[in-house]
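Here's a solo chain for you in structure tokens, the form predicted alone.
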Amino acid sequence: MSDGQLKAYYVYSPWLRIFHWLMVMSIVVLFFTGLYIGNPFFIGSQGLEPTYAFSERLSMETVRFIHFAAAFILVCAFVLRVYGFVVNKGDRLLPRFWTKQHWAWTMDIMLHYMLLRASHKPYLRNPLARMSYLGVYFLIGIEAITGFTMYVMVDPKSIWGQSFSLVNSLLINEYYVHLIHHYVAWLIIIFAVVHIYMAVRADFMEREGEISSMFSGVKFLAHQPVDLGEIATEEDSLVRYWDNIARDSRPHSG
């Protein structure tokens, strides 16, 4: 039941939010530097060879360093994601695939997105989105494995080079490793575009603070979310803090 007033729920821990924005920045840098590395289309104004990007100061070596640095940041940032998963229920990594309730909630969301249902139940964490996040983490894992495989092949006789040579063997050769790395990167960008669209759509249509929640960790719902017991608790101190702010900001009579 609800009295129609918005209530704040603390969902995302600082660890997940930090990871989210590190992931966003890393993926943007990785994508554009990766495009350049694969096809150096920027040629300096002084007739420089394609191995020089933009200027003598930003050589292909520099672009590759930026690409690899962003890759290491992204992989290390995932530690924050796992830590958030451990310490905060709202950061739960794995949807409950083994429950009928999960699939019922997912179908509820899908019917709404297909315009076959006017609205869906209130959720703190969209079950369909949670599955898509798990999918994109899997894609990032593929990028990490194939990327580091190409990275260590600079010195194939090293310990790391010999270790990752198995990946080259499983995927035929280094050319196919590169091909997989390239196309999976595009899949991640397509996911990012859809994700941004869905987040903006949810903010405009449902007004639950979908976008702002990645800054504050808080979402606002007028009705009690059906996944409340699984994700969060109404007794959280930050929830009470936000409720007090909302109450104090209302105009007083008299």
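Between two forms, the rigid core is defined as the largest C-alpha subset superposing within 1.5 Å. As the structure is a computational prediction, the values presented were derived from the model and not from experiment. Numbering starts at 1 and runs along the sequence shown.
Same protein, other form: the form predicted in complex with a small molecule, not shown, and the subject of what follows.
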Contact test in the model of the complex: Glu210 vs the small molecule, heavy atoms, 4.5 Å: yes
Within 4.5 Å, heavy atoms only: does Ala192 come near the small molecule in the model of the complex? yes
Val218 versus the small molecule, in the model of the complex: is there a non-hydrogen atom within 4.5 Å? no
In the model of the complex, does Ile196 come within 4.5 Å of the small molecule, counting heavy atoms only? yes
Of these, Leu35, Met205, Leu228, Ala222, which has a heavy atom no more than 4.5 Å from the small molecule in the model of the complex? Leu35
Answer with one of Met131, Met107, Val79, Ala144: the residue that has a non-hydrogen atom within 4.5 Å of the small molecule in the model of the complex. Ala144
Asn126 C-alpha moves between the shown form and the other one by 2 Å or more, core aligned: no
Core-aligned CA displacement of Asn88 at least 2 Å between the shown form and the other one: yes
